[in-house]
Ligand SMILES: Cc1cc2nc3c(=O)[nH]c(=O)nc-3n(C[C@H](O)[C@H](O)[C@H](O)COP(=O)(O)OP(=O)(O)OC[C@H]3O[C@@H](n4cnc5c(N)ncnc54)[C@H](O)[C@@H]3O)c2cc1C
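A single chain comes next, written as C-alpha coordinates; it is the form predicted alone.
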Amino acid sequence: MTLRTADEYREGLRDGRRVIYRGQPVADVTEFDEFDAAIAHSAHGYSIADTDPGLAVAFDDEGTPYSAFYRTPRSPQDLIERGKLIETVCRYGVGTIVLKEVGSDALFGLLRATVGEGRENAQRYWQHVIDNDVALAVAQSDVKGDRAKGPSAQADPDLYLHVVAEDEDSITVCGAKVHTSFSANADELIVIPTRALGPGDEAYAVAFAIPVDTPGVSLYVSPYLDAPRNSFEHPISSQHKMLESLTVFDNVRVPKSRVFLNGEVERAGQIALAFVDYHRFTAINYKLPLLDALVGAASLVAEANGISRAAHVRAKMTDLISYTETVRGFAQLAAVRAFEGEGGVWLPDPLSTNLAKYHFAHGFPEAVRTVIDLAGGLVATGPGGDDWADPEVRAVLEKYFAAAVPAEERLRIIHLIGDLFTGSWGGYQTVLATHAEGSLEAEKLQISRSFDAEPARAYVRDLLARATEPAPLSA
(Lines give C-alpha, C1' and ligand atoms only; values in the text may rest on other atoms or scores of the structure.)
Protein backbone atom coordinates (compact mmCIF):
# COMPACT_ATOMS: atom_id res chain seq x y z
CA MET A 1 0.00 0.00 0.00
CA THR A 2 1.02 3.59 -0.46
CA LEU A 3 -0.14 7.07 0.50
CA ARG A 4 0.69 9.41 -2.34
CA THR A 5 1.62 13.04 -1.85
CA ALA A 6 -0.15 15.90 -3.58
CA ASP A 7 2.83 16.24 -5.94
CA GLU A 8 2.75 12.54 -6.79
CA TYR A 9 -0.98 12.81 -7.50
CA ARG A 10 -0.34 15.69 -9.91
CA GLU A 11 2.51 13.85 -11.62
CA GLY A 12 0.27 10.81 -12.12
CA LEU A 13 -2.00 12.84 -14.38
CA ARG A 14 0.69 12.98 -17.10
CA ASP A 15 -0.58 10.01 -19.05
CA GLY A 16 -1.70 11.12 -22.51
CA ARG A 17 -5.43 11.23 -21.73
CA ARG A 18 -7.64 12.73 -24.44
CA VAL A 19 -9.09 15.99 -23.13
CA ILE A 20 -10.86 18.64 -25.21
CA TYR A 21 -11.36 22.18 -23.88
CA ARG A 22 -13.07 24.93 -25.84
CA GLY A 23 -12.67 22.90 -29.02
CA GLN A 24 -8.94 22.32 -28.58
CA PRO A 25 -7.01 19.27 -27.32
CA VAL A 26 -5.12 19.62 -24.05
CA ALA A 27 -1.75 17.89 -24.38
CA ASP A 28 -0.92 17.80 -20.65
CA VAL A 29 -3.53 18.70 -18.04
CA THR A 30 -0.82 19.46 -15.47
CA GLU A 31 0.70 22.14 -17.72
CA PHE A 32 -2.60 23.75 -18.74
CA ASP A 33 -3.13 26.92 -16.70
CA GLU A 34 -6.92 26.75 -16.96
CA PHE A 35 -6.93 23.46 -15.01
CA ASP A 36 -4.37 24.41 -12.37
CA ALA A 37 -6.88 25.58 -9.74
CA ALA A 38 -8.92 22.38 -10.20
CA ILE A 39 -5.92 20.12 -9.76
CA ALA A 40 -4.71 22.10 -6.73
CA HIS A 41 -8.22 21.90 -5.27
CA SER A 42 -8.41 18.12 -5.73
CA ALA A 43 -4.91 17.70 -4.30
CA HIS A 44 -6.33 18.52 -0.86
CA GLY A 45 -7.60 14.93 -0.87
CA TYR A 46 -3.93 13.92 -0.69
CA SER A 47 -2.37 16.67 1.40
CA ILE A 48 -4.91 16.14 4.21
CA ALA A 49 -3.10 12.90 5.03
CA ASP A 50 -0.23 15.12 6.21
CA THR A 51 -2.24 17.94 7.79
CA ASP A 52 -4.77 15.72 9.61
CA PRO A 53 -3.49 12.12 9.66
CA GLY A 54 -5.67 11.15 12.60
CA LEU A 55 -8.72 11.70 10.44
CA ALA A 56 -7.42 11.01 6.92
CA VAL A 57 -5.30 7.88 7.40
CA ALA A 58 -6.70 4.40 8.06
CA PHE A 59 -4.85 1.16 8.81
CA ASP A 60 -5.48 -2.39 7.68
CA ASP A 61 -5.33 -5.42 9.97
CA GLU A 62 -1.55 -5.51 9.64
CA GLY A 63 -1.13 -1.85 10.54
CA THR A 64 -0.40 -0.67 7.01
CA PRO A 65 -1.70 2.86 6.32
CA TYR A 66 -4.06 3.80 3.50
CA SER A 67 -6.41 6.68 2.66
CA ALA A 68 -9.35 6.80 5.09
CA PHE A 69 -11.58 7.96 2.23
CA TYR A 70 -11.56 4.34 1.08
CA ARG A 71 -12.17 2.74 4.48
CA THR A 72 -15.21 0.50 3.99
CA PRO A 73 -17.83 1.47 6.60
CA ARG A 74 -18.40 -1.41 9.01
CA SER A 75 -20.21 0.49 11.80
CA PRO A 76 -22.00 3.75 12.57
CA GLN A 77 -18.74 5.08 14.01
CA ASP A 78 -17.00 4.54 10.67
CA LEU A 79 -19.67 6.69 9.01
CA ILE A 80 -19.40 9.34 11.73
CA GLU A 81 -15.65 9.52 11.06
CA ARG A 82 -16.26 9.61 7.31
CA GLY A 83 -18.63 12.55 7.73
CA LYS A 84 -15.99 14.41 9.75
CA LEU A 85 -13.33 13.68 7.12
CA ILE A 86 -15.51 14.93 4.27
CA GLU A 87 -16.51 18.08 6.14
CA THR A 88 -12.89 18.79 7.12
CA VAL A 89 -11.35 18.39 3.67
CA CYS A 90 -14.13 20.41 2.06
CA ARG A 91 -13.42 23.34 4.36
CA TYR A 92 -10.39 23.92 2.12
CA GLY A 93 -12.76 24.38 -0.82
CA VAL A 94 -15.58 26.22 0.99
CA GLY A 95 -18.14 23.47 0.57
CA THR A 96 -16.96 22.22 -2.82
CA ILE A 97 -16.28 18.51 -3.00
CA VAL A 98 -12.61 17.58 -3.44
CA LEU A 99 -12.11 14.27 -5.30
CA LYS A 100 -11.80 11.01 -3.39
CA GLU A 101 -15.27 11.21 -1.83
CA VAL A 102 -17.22 10.50 -5.02
CA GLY A 103 -15.09 7.56 -6.09
CA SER A 104 -15.29 5.94 -2.67
CA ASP A 105 -19.08 6.39 -2.70
CA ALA A 106 -19.20 4.27 -5.86
CA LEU A 107 -16.77 1.70 -4.42
CA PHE A 108 -18.96 1.17 -1.36
CA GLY A 109 -22.05 0.89 -3.54
CA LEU A 110 -20.37 -1.77 -5.68
CA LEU A 111 -19.24 -3.74 -2.63
CA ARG A 112 -22.84 -3.76 -1.41
CA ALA A 113 -24.88 -4.28 -4.56
CA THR A 114 -22.83 -6.59 -6.79
CA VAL A 115 -22.99 -10.40 -6.68
CA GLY A 116 -20.89 -13.34 -7.77
CA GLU A 117 -17.96 -12.56 -10.04
CA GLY A 118 -18.94 -8.88 -10.09
CA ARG A 119 -18.50 -8.64 -6.33
CA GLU A 120 -15.20 -10.51 -6.45
CA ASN A 121 -13.97 -8.04 -9.06
CA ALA A 122 -15.21 -5.13 -6.93
CA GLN A 123 -13.32 -6.43 -3.91
CA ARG A 124 -10.12 -6.84 -5.93
CA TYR A 125 -10.59 -3.38 -7.38
CA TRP A 126 -11.04 -1.88 -3.90
CA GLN A 127 -7.69 -3.45 -2.95
CA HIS A 128 -6.09 -1.97 -6.07
CA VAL A 129 -7.44 1.47 -5.16
CA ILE A 130 -6.10 1.45 -1.61
CA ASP A 131 -2.80 -0.13 -2.64
CA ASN A 132 -2.16 2.65 -5.15
CA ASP A 133 -4.06 5.55 -3.55
CA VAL A 134 -6.02 6.00 -6.78
CA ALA A 135 -7.90 9.22 -7.55
CA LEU A 136 -11.33 8.10 -8.74
CA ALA A 137 -14.04 9.86 -10.73
CA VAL A 138 -17.51 8.42 -11.29
CA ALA A 139 -19.39 8.38 -14.59
CA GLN A 140 -23.05 7.64 -13.88
CA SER A 141 -25.41 10.06 -15.63
CA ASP A 142 -26.21 8.97 -19.17
CA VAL A 143 -27.12 11.72 -21.61
CA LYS A 144 -30.57 9.99 -21.85
CA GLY A 145 -31.86 11.53 -25.09
CA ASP A 146 -35.68 11.48 -25.17
CA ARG A 147 -36.48 10.99 -21.50
CA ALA A 148 -39.93 9.68 -22.30
CA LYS A 149 -38.19 6.56 -23.66
CA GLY A 150 -36.01 3.96 -22.01
CA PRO A 151 -32.48 3.05 -23.12
CA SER A 152 -33.37 0.38 -25.69
CA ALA A 153 -36.14 2.56 -27.18
CA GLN A 154 -33.89 5.51 -28.09
CA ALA A 155 -33.41 6.37 -31.76
CA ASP A 156 -29.64 6.42 -31.14
CA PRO A 157 -28.47 3.52 -28.93
CA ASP A 158 -25.41 5.51 -27.81
CA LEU A 159 -27.57 7.90 -25.75
CA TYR A 160 -27.13 5.35 -22.97
CA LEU A 161 -23.78 3.64 -22.46
CA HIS A 162 -24.03 0.04 -23.65
CA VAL A 163 -22.07 -3.09 -24.52
CA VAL A 164 -21.51 -3.51 -28.27
CA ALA A 165 -19.19 -6.54 -28.27
CA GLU A 166 -17.89 -9.23 -25.95
CA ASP A 167 -15.18 -11.87 -26.09
CA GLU A 168 -13.68 -14.25 -23.57
CA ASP A 169 -11.51 -11.60 -21.94
CA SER A 170 -13.29 -8.28 -22.42
CA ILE A 171 -16.37 -6.25 -23.22
CA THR A 172 -16.48 -3.26 -25.58
CA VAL A 173 -18.71 -0.28 -24.82
CA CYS A 174 -20.03 2.77 -26.65
CA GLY A 175 -22.01 5.80 -25.52
CA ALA A 176 -21.49 8.77 -23.24
CA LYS A 177 -21.87 9.96 -19.69
CA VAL A 178 -22.41 13.58 -18.65
CA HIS A 179 -21.77 15.63 -15.47
CA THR A 180 -18.60 13.60 -14.87
CA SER A 181 -16.93 15.56 -12.09
CA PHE A 182 -13.12 15.41 -11.84
CA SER A 183 -12.73 13.13 -14.87
CA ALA A 184 -10.00 15.28 -16.42
CA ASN A 185 -7.96 15.28 -13.20
CA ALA A 186 -8.62 11.78 -11.86
CA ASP A 187 -6.62 8.60 -12.41
CA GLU A 188 -9.47 6.22 -13.14
CA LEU A 189 -13.20 6.17 -13.85
CA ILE A 190 -15.83 4.00 -12.20
CA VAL A 191 -18.77 3.65 -14.60
CA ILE A 192 -22.17 2.59 -13.23
CA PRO A 193 -25.80 2.55 -14.42
CA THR A 194 -27.87 5.69 -14.09
CA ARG A 195 -31.24 4.02 -13.48
CA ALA A 196 -33.22 0.84 -13.01
CA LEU A 197 -33.49 -1.27 -16.19
CA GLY A 198 -35.85 -3.91 -17.49
CA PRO A 199 -36.08 -6.73 -20.05
CA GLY A 200 -34.57 -5.65 -23.35
CA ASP A 201 -32.04 -3.37 -21.65
CA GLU A 202 -29.44 -6.05 -20.99
CA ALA A 203 -26.75 -4.33 -23.06
CA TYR A 204 -27.15 -1.20 -20.90
CA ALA A 205 -26.73 -3.05 -17.59
CA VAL A 206 -23.00 -2.52 -17.30
CA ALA A 207 -20.58 -1.32 -14.62
CA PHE A 208 -16.79 -1.28 -14.77
CA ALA A 209 -13.60 0.68 -13.98
CA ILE A 210 -10.91 1.88 -16.36
CA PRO A 211 -7.95 4.30 -16.38
CA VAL A 212 -8.84 7.72 -17.78
CA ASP A 213 -6.24 7.32 -20.55
CA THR A 214 -7.89 4.14 -21.91
CA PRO A 215 -8.03 4.27 -25.74
CA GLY A 216 -11.42 5.44 -26.98
CA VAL A 217 -12.20 7.63 -23.94
CA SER A 218 -12.59 11.34 -24.70
CA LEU A 219 -13.31 14.05 -22.13
CA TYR A 220 -15.05 17.22 -23.32
CA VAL A 221 -14.52 19.57 -20.38
CA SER A 222 -17.07 22.29 -19.64
CA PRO A 223 -15.70 25.87 -19.75
CA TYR A 224 -17.90 26.91 -16.83
CA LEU A 225 -15.97 28.81 -14.13
CA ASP A 226 -13.13 29.50 -16.55
CA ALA A 227 -10.14 31.52 -15.32
CA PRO A 228 -8.50 33.88 -14.66
CA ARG A 229 -9.98 35.79 -11.76
CA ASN A 230 -8.36 38.21 -9.32
CA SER A 231 -8.47 37.38 -5.64
CA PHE A 232 -9.91 40.75 -4.55
CA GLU A 233 -13.14 40.30 -6.49
CA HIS A 234 -13.13 36.50 -6.45
CA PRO A 235 -11.47 35.25 -3.25
CA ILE A 236 -12.98 31.76 -3.60
CA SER A 237 -13.35 31.01 -7.31
CA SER A 238 -9.83 32.24 -8.08
CA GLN A 239 -8.50 29.43 -5.89
CA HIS A 240 -10.96 26.54 -6.32
CA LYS A 241 -12.56 24.83 -9.28
CA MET A 242 -14.14 21.56 -10.38
CA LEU A 243 -13.80 20.17 -13.89
CA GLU A 244 -16.95 18.64 -15.37
CA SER A 245 -17.03 16.71 -18.60
CA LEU A 246 -19.05 14.96 -21.24
CA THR A 247 -17.28 11.59 -21.22
CA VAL A 248 -17.50 9.74 -24.53
CA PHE A 249 -16.74 6.03 -24.93
CA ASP A 250 -15.96 5.11 -28.54
CA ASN A 251 -15.49 1.34 -28.73
CA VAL A 252 -13.70 1.21 -25.39
CA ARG A 253 -12.38 -2.21 -24.46
CA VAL A 254 -12.74 -3.15 -20.79
CA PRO A 255 -11.00 -6.24 -19.33
CA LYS A 256 -13.50 -8.55 -17.66
CA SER A 257 -11.46 -8.40 -14.47
CA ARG A 258 -12.61 -4.76 -14.26
CA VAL A 259 -16.30 -5.50 -14.97
CA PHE A 260 -18.76 -5.45 -12.04
CA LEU A 261 -22.06 -5.81 -13.93
CA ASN A 262 -22.70 -7.25 -17.37
CA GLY A 263 -26.27 -7.84 -18.49
CA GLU A 264 -27.99 -8.42 -15.14
CA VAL A 265 -30.79 -5.87 -15.53
CA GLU A 266 -32.21 -6.61 -12.10
CA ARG A 267 -28.98 -5.37 -10.49
CA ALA A 268 -28.62 -2.12 -12.43
CA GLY A 269 -31.06 -0.11 -10.32
CA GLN A 270 -29.67 -1.59 -7.12
CA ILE A 271 -26.14 -0.47 -7.99
CA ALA A 272 -27.34 3.00 -8.99
CA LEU A 273 -29.24 3.38 -5.72
CA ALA A 274 -26.40 1.93 -3.62
CA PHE A 275 -24.11 4.66 -4.95
CA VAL A 276 -26.74 7.31 -4.19
CA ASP A 277 -27.03 6.10 -0.57
CA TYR A 278 -23.41 7.09 0.02
CA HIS A 279 -23.20 9.99 -2.41
CA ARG A 280 -26.01 11.96 -0.75
CA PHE A 281 -24.39 11.32 2.63
CA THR A 282 -21.21 12.77 1.15
CA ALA A 283 -23.21 15.70 -0.22
CA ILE A 284 -24.75 16.73 3.09
CA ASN A 285 -21.35 16.65 4.76
CA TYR A 286 -19.44 18.51 2.06
CA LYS A 287 -22.10 21.24 2.08
CA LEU A 288 -21.63 22.00 5.77
CA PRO A 289 -18.62 24.33 5.26
CA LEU A 290 -20.64 26.24 2.64
CA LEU A 291 -23.45 26.70 5.16
CA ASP A 292 -20.99 27.83 7.83
CA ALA A 293 -19.57 30.33 5.33
CA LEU A 294 -23.11 31.52 4.64
CA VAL A 295 -23.85 32.16 8.32
CA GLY A 296 -20.42 33.65 9.03
CA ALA A 297 -20.55 35.98 6.03
CA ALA A 298 -24.06 37.14 6.97
CA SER A 299 -22.95 37.92 10.51
CA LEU A 300 -19.78 39.74 9.45
CA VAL A 301 -21.43 41.83 6.74
CA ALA A 302 -24.26 42.87 9.06
CA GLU A 303 -21.63 44.00 11.56
CA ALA A 304 -19.62 45.78 8.86
CA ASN A 305 -22.73 47.62 7.66
CA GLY A 306 -23.64 48.60 11.24
CA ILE A 307 -26.99 46.79 11.28
CA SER A 308 -26.22 43.73 13.40
CA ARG A 309 -28.37 44.88 16.33
CA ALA A 310 -31.50 45.58 14.31
CA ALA A 311 -34.41 43.31 15.23
CA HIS A 312 -35.04 42.17 11.64
CA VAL A 313 -31.35 41.28 11.24
CA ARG A 314 -31.35 39.19 14.40
CA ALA A 315 -34.46 37.41 13.11
CA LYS A 316 -32.77 36.69 9.77
CA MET A 317 -29.64 35.40 11.49
CA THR A 318 -31.82 33.08 13.59
CA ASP A 319 -33.41 31.71 10.42
CA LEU A 320 -29.99 31.11 8.85
CA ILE A 321 -28.70 29.36 11.96
CA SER A 322 -31.81 27.19 12.13
CA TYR A 323 -31.44 26.22 8.48
CA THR A 324 -27.74 25.36 8.81
CA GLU A 325 -28.00 23.42 12.03
CA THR A 326 -31.02 21.43 10.82
CA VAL A 327 -28.97 20.18 7.87
CA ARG A 328 -26.05 19.39 10.20
CA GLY A 329 -28.34 17.57 12.63
CA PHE A 330 -29.82 15.36 9.92
CA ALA A 331 -26.32 14.65 8.57
CA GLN A 332 -25.17 13.45 11.97
CA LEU A 333 -28.38 11.47 12.49
CA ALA A 334 -27.82 9.66 9.19
CA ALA A 335 -24.58 8.18 10.58
CA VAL A 336 -26.01 7.42 14.02
CA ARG A 337 -28.95 5.55 12.44
CA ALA A 338 -26.71 3.59 10.04
CA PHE A 339 -27.39 -0.09 9.52
CA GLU A 340 -25.68 -3.08 7.97
CA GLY A 341 -26.30 -3.79 4.29
CA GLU A 342 -25.28 -6.54 1.91
CA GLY A 343 -21.71 -7.76 2.17
CA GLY A 344 -21.36 -6.43 5.71
CA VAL A 345 -21.05 -2.88 4.36
CA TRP A 346 -22.90 -0.35 6.51
CA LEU A 347 -24.88 2.44 4.94
CA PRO A 348 -26.15 5.74 6.32
CA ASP A 349 -29.85 5.94 7.11
CA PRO A 350 -31.53 6.85 3.78
CA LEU A 351 -34.39 8.71 5.46
CA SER A 352 -32.14 11.06 7.46
CA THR A 353 -29.76 11.46 4.51
CA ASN A 354 -32.49 12.49 2.10
CA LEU A 355 -34.16 14.74 4.66
CA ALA A 356 -30.84 16.56 5.05
CA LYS A 357 -30.29 16.83 1.30
CA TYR A 358 -33.86 17.98 0.64
CA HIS A 359 -33.76 20.54 3.45
CA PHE A 360 -30.46 21.90 2.14
CA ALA A 361 -31.61 22.14 -1.48
CA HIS A 362 -35.07 23.48 -0.66
CA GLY A 363 -33.76 26.19 1.67
CA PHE A 364 -30.63 27.28 -0.18
CA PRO A 365 -32.13 29.95 -2.48
CA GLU A 366 -33.92 31.68 0.40
CA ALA A 367 -30.78 31.56 2.56
CA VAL A 368 -28.72 33.13 -0.23
CA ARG A 369 -31.35 35.84 -0.72
CA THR A 370 -31.11 36.67 2.98
CA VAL A 371 -27.31 37.03 2.89
CA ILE A 372 -27.49 39.27 -0.19
CA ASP A 373 -30.18 41.34 1.53
CA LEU A 374 -27.86 41.92 4.50
CA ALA A 375 -24.86 42.69 2.28
CA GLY A 376 -26.56 45.34 0.15
CA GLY A 377 -26.17 46.46 -3.45
CA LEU A 378 -22.37 46.66 -3.37
CA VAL A 379 -22.37 42.92 -4.06
CA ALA A 380 -23.17 43.90 -7.65
CA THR A 381 -21.90 47.47 -7.91
CA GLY A 382 -18.73 47.52 -5.80
CA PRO A 383 -15.21 48.38 -7.05
CA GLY A 384 -12.90 45.83 -8.63
CA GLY A 385 -9.42 44.55 -7.96
CA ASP A 386 -7.79 46.93 -10.44
CA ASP A 387 -9.42 49.87 -8.65
CA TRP A 388 -8.15 48.67 -5.30
CA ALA A 389 -4.64 48.16 -6.66
CA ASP A 390 -4.34 51.79 -7.80
CA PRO A 391 -3.18 53.94 -4.83
CA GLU A 392 -5.02 57.08 -5.97
CA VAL A 393 -8.33 55.27 -6.57
CA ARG A 394 -7.91 53.25 -3.41
CA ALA A 395 -7.76 56.41 -1.31
CA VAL A 396 -11.17 57.42 -2.68
CA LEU A 397 -12.61 53.96 -2.00
CA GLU A 398 -11.24 53.91 1.54
CA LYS A 399 -12.94 57.24 2.23
CA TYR A 400 -16.37 56.51 0.80
CA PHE A 401 -16.82 52.82 1.51
CA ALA A 402 -15.88 52.91 5.19
CA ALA A 403 -18.80 51.99 7.48
CA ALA A 404 -18.79 50.37 10.91
CA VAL A 405 -15.45 48.84 9.89
CA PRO A 406 -12.71 50.11 7.53
CA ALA A 407 -13.48 50.02 3.80
CA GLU A 408 -11.09 47.17 3.00
CA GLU A 409 -12.62 44.84 5.58
CA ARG A 410 -16.13 45.70 4.41
CA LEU A 411 -15.38 45.37 0.69
CA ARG A 412 -13.57 42.06 1.09
CA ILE A 413 -16.47 40.44 2.91
CA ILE A 414 -18.91 41.87 0.36
CA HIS A 415 -16.83 40.48 -2.52
CA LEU A 416 -16.63 37.12 -0.78
CA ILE A 417 -20.44 37.06 -0.59
CA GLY A 418 -20.65 38.03 -4.25
CA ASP A 419 -18.20 35.32 -5.23
CA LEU A 420 -19.91 32.62 -3.16
CA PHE A 421 -23.51 33.36 -3.97
CA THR A 422 -23.77 35.42 -7.18
CA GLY A 423 -22.00 35.41 -10.54
CA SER A 424 -20.70 32.20 -12.09
CA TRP A 425 -19.58 30.52 -8.85
CA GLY A 426 -22.82 31.39 -7.11
CA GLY A 427 -24.82 30.19 -10.09
CA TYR A 428 -22.82 26.97 -10.07
CA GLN A 429 -23.64 26.42 -6.39
CA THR A 430 -27.33 27.04 -7.07
CA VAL A 431 -27.36 24.45 -9.86
CA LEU A 432 -25.55 21.99 -7.59
CA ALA A 433 -28.09 22.59 -4.83
CA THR A 434 -30.91 21.83 -7.25
CA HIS A 435 -29.47 18.90 -9.24
CA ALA A 436 -26.24 17.48 -7.82
CA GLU A 437 -26.53 14.10 -6.08
CA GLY A 438 -30.17 13.96 -7.17
CA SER A 439 -32.98 16.42 -7.74
CA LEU A 440 -35.52 17.62 -5.20
CA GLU A 441 -38.04 15.16 -6.63
CA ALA A 442 -35.57 12.29 -6.32
CA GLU A 443 -34.96 13.17 -2.68
CA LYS A 444 -38.69 13.40 -1.97
CA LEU A 445 -39.15 9.98 -3.57
CA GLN A 446 -36.46 8.48 -1.34
CA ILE A 447 -37.96 10.10 1.75
CA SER A 448 -41.28 8.49 0.90
CA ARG A 449 -39.66 5.11 0.21
CA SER A 450 -37.52 5.19 3.35
CA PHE A 451 -40.15 6.20 5.87
CA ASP A 452 -41.88 3.26 7.58
CA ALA A 453 -45.37 4.52 8.39
CA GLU A 454 -46.48 1.33 10.09
CA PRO A 455 -45.38 2.22 13.67
CA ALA A 456 -47.31 5.49 13.46
CA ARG A 457 -50.32 3.72 11.94
CA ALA A 458 -50.21 1.08 14.68
CA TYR A 459 -50.13 3.80 17.31
CA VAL A 460 -53.25 5.43 15.88
CA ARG A 461 -55.00 2.04 15.68
CA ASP A 462 -54.21 1.55 19.35
CA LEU A 463 -55.62 5.00 20.17
CA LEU A 464 -58.80 4.16 18.27
CA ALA A 465 -59.11 0.81 20.03
CA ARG A 466 -58.72 2.40 23.43
CA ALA A 467 -61.29 5.02 22.54
CA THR A 468 -63.91 2.31 21.95
CA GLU A 469 -63.25 0.59 25.29
CA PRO A 470 -65.72 1.29 28.11
CA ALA A 471 -64.65 4.18 30.27
CA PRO A 472 -63.57 3.13 33.78
CA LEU A 473 -66.14 3.61 36.53
CA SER A 474 -65.48 6.56 38.75
CA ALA A 475 -64.88 5.85 42.42
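In this text the structure is predicted, and so the values were computed from the model without any measurement. All residue numbers are counted from 1 along the displayed sequence.
Not on display, but discussed next: the form predicted together with the named molecule.
Though the named molecule is absent from this view, in the model of the complex it lies within 4.5 Å of a heavy atom of just one residue from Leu378, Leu225, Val178, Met317, which is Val178.
Interface residue among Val26, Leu55, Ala40, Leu432 relative to the named molecule in the model of the complex, by the heavy atom within 4.5 Å criterion: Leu432. Contact annotation: the named molecule lies within 4.5 Å of heavy atoms from the stretch 432-440 in the model of the complex, the single such stretch among 58-66, 432-440, 446-454, 406-414. The named molecule is not shown here, but in the model of the complex it comes within 4.5 Å of a heavy atom of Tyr428. The named molecule in the model of the complex comes within 4.5 Å of no heavy atom belonging to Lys84. The named molecule is not drawn, but in the model of the complex it has a heavy atom within 4.5 Å of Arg147. At a distance threshold of 4.5 angstroms between non-hydrogen atoms, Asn354 is out of contact with the named molecule in the model of the complex. Contacts between 120-149 and the named molecule, taken as any heavy atom within 4.5 Å in the model of the complex, involve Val138, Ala139, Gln140, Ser141, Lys144, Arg147.
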